Each structure stands twice: as structure tokens, then as C-alpha cells.
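Next up: a single chain in C-alpha cells, the form predicted alone.
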């Protein structure tokens, strides 16, 4: 028969056997059992899981010393140490000499001098033109300083501070960061059950009981006929927090792997971009309200102008803006400015990477993606940020249609666990037809996240492309919010360990 209680559990049950109910703190039990508090808490939880005790624990708020308070409780407050040092001197000493004393350097000395003067224990006097520290008559009060007495007693009581304190002392503990309020478990009721009484009566010594199988035990054969310690497999276990990537970084990796798996190649582009690539090459007019669709950060230093390494392309895009060139469009009907095209901006969209890519890669089929940062003067709120990640993608080839684009957008969203998706017609200066893809976000409803379309001839023809090119610019931040089930974009950059530990890996 396997024993159902250990030797330490027996001690607890024996303490409870003659009691009709025990209202005691964990500290009192720790003292009576001569065990550490954590060990007592673990034993009570184990006995409760086995239904050998009835246990009620309530949470109470207590004052606990901080690390700084503990240090001062062991070595003395800085102002006390300063007074003791000055008391050992026959006369006043310079501030600099006092500062160099062991344990009173830098910030500690400033604290010591500040509180010693506030309490009226020391004063600064002038002697031969030099400032000196001297004790006052009140310095005797330092030997019976109530705050120091509280810290001494708290250290002896495992850092816990007595509950009944004058408001002045309590305020001083908080203002000096010597104590904090903590939630603390307190026993409300603890009784032995009938099953516990029976387990205690049938207790057998644990001597000779095997708790762990070792190679030596197996080789010697001593395990044969031996008794083995029982384990409660249904009881709670300590949570483990193994190292892992930041959840948002892991999410971006998942999107990256999904696109590589779909046959895409990655491309990169500069964060400081020319308006030529960021706007003009995308048929966004220089003097049209449509440019307000993408508000832009302009670079003050360096002012530029930037260099456009494609003079023929510049001419063709200028003509497209002015009169449509050979695209079949009438253009925007204004005088194109090369000076505007050469201005430097912070990239507002990774679509600039797409047109740079198409300027070098003109053969079908092609598949390209870019996951990178963009910048817009957005007002910070739950779904907007001035800096954000965008997942840009283009697919070029004969016979491609809008239906193909919708399929790719849906596949990318579903690859990260987002299932609720819908589309509606949209408008963008550089695609026609255009769509806006919405995903359903818990707590936010439908949020626009998957914009895309087919590049207009005004974009592709100047680049030398004569086949359909599908394009999208997915807002990864919003997609991550849906996948990670958070409702505030600012949480993607959280440094809260509790929050990071509890976001599951997918």
C-alpha cells in the first residue's frame, strides 16, 4: 500500500487533529512547525488537493520593505550613519570629508544630509570661509528615531511592517520608497477532514520509500519489492516561462514564412525615400488632394535634392502626369516639377519598394514582397501609429485578375489564424480596380487591413511593364492585433512581462 501522506504532511495533520478550526497566519504555522513559509504553503495546498484538510485563504494587503528599506533596516538609515560619524569627530568637519566616508558617497550622502538637516540634527556653519557640518542639540534624537526602529523590526519579521503605524511614518516610508503595499495570503479557516484523520491513523514512516529512480537503483535491483512515493498528478504545478521571441516578432516571422512558402522573393528599400518613388511613380499627382491620402513626413536635414538614377523613367512619368503619355489616360493636366520629385521624405508606404523592384524586373512571371517600416503623421490611438509595419506584395503575369488577388490576401490572413474576412470596392490613386479588405477584430469589429488592387497602366507602362500586376499593402500591425487577440495597437510593443508571458505561441 502506497503511503498517502509524507512526514511533513503528518506534522501538519497532527497540529490540526485536536483543533475544531485554526485561524492562524502562515507565519504562525511556520513557527509552530519550524518550517519555511513557502514549505508550509506548499504542504497545505497538497493536503487540500488530497482532501485531507479544508482550507480557506483570503488576500490581505500588507506593508513590505523594498530592497532599499531592507538595506537601511540592516545597516541603518543614511542620516543615522551620518550622525554617528559626526559624533565620533571632536569638531565639525567639511562636507567633502563627510561625503568620502564609507557608505555615504554620492546619492546616499545627499539623502543623509537632507534628512539630517530636516530633522534638525546637523547644521552647516562657516569657519575660516569653509562650510562645515556640526551636530545640534537635537542630534540625540537620532538614537531613538522611530523610523529606524520600524525598519529594524521589519527586517527581523521577514520584511513585514506592523499594520498600526502613525500616518506620518507611513507617508515617510512611501515617499522615500522604503515600503510597498503587497497582497498577502492569510489563513481564514483550516480544519482536518475525516479523510485526513484516517490518513494520519494509517501513516507509515517514509524511511526506505523511493522517490526517484536512479541508474544505481536500477543496476542494484534495490527497487524490487520497494515502496514508491505517491504523486498527485492532478495537483497544480509551478508555471514555467521558457525563453521565446516577442509575440509580434514571432507573428512577423509567420507571415514571412507564409510568403516564402507561396513562392515570393523578398525585396528591400530605403526608409528615407524620394517623393519620386514614394508618390510620383505611383501616379499620385504633385498638386492634387489625392496626395492627402498618404500624409508624409518631409526631411529637413539633409534638404536634398535627392538623385534620380533613371532619367528616361523620370521623363516618362512626367509625361504621364501631364498628359497621360502613351497610357491611354489624359493624365493629371498640370506642369510636372522635377524639384518636387527629388525631395526627400520618410517612406509612407512600402509600395515604393514595389515600383523600385519593377523598374529592375520587367519579365513575367514575378512575385515580390517586402515587410518593413513606414511613417505617417498619424494621431496615436488604438488602431493607428506614426510608425508601422506594412507587408507589401506584388504578383505579375499574364491572365491575372482581381479574383487572384483576393485569394492571395485571404490565404495570407488565414495563415496567421484570421478567418473572418470581407472585401468591398475601394479607391487608391495607383490601382484600378481597388479593394479594401476588412478583418474582424474582437472588441473592435470590422477593421480595414487588407488594401490592394491592380496597378494602373499609368504606373506600369512607364516602368516598361505590359502585363497585369497585382499589388497589396497589408497593415501588419492590425493583422497582428486580430491574430494575437489584442484590441490596442500600442500593446504590440508592450514590455509588460506578465502580458508577454501569457500571450501563447501559435
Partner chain sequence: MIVDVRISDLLNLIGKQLTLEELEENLFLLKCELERVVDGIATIEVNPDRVDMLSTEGIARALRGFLEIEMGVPKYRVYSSKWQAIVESSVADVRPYLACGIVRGVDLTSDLIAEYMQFQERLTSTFGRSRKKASIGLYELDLIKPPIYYRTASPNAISFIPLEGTDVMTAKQILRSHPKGQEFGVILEGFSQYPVLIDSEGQVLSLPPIINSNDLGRIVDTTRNLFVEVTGTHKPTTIHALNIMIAALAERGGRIAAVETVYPQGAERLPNLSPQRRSVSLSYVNTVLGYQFDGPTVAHCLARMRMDCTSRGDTLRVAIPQYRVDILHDIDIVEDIAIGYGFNRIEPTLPNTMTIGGELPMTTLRRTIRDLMVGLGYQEIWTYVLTNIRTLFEKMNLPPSQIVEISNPKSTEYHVARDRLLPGVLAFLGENSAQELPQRVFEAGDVVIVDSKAETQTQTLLHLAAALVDSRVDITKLKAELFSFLQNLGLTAEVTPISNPSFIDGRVGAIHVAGRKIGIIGEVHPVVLANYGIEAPCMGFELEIIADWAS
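Residue numbers count along the first chain shown, from 1. Note that this is a predicted model, so its numbers are computed, not measured.
Unshown form predicted together with its partner chain; subsequent notes refer to it.
- Checking 91, 403, 74, 100 for any heavy atom within 4.5 Å of its partner chain in the model of the complex turns up a single hit: 403.
- Residue 377 is the only one of 215, 221, 114, 377 with a heavy atom lying within 4.5 Å of its partner chain in the model of the complex.
- In the model of the complex, none of the heavy atoms of residue 109 sits within 4.5 Å of a heavy atom of its partner chain.
- Contact annotation: residue 485 falls outside 4.5 Å of its partner chain in the model of the complex, judged by heavy atom distances.
- Under a 4.5 angstroms non-hydrogen atom cutoff, its partner chain in the model of the complex lacks residue 473 among its neighbouring residues.
- Mapping the unseen interface onto this chain, residue 141 falls outside it, with no heavy atom inside 4.5 Å of its partner chain in the model of the complex.
- Only one listed stretch (78-86, 386-394, 170-178, 143-151) carries heavy atoms within 4.5 Å of its partner chain in the model of the complex, and that stretch is 386-394.
- If you take 420-454 and check each residue for a heavy atom within 4.5 Å of its partner chain in the model of the complex, you get 422, 423, 424, 425, 426, 427, 432, 433, 434, 435, 436, 438, 448, 454, in sequence order.
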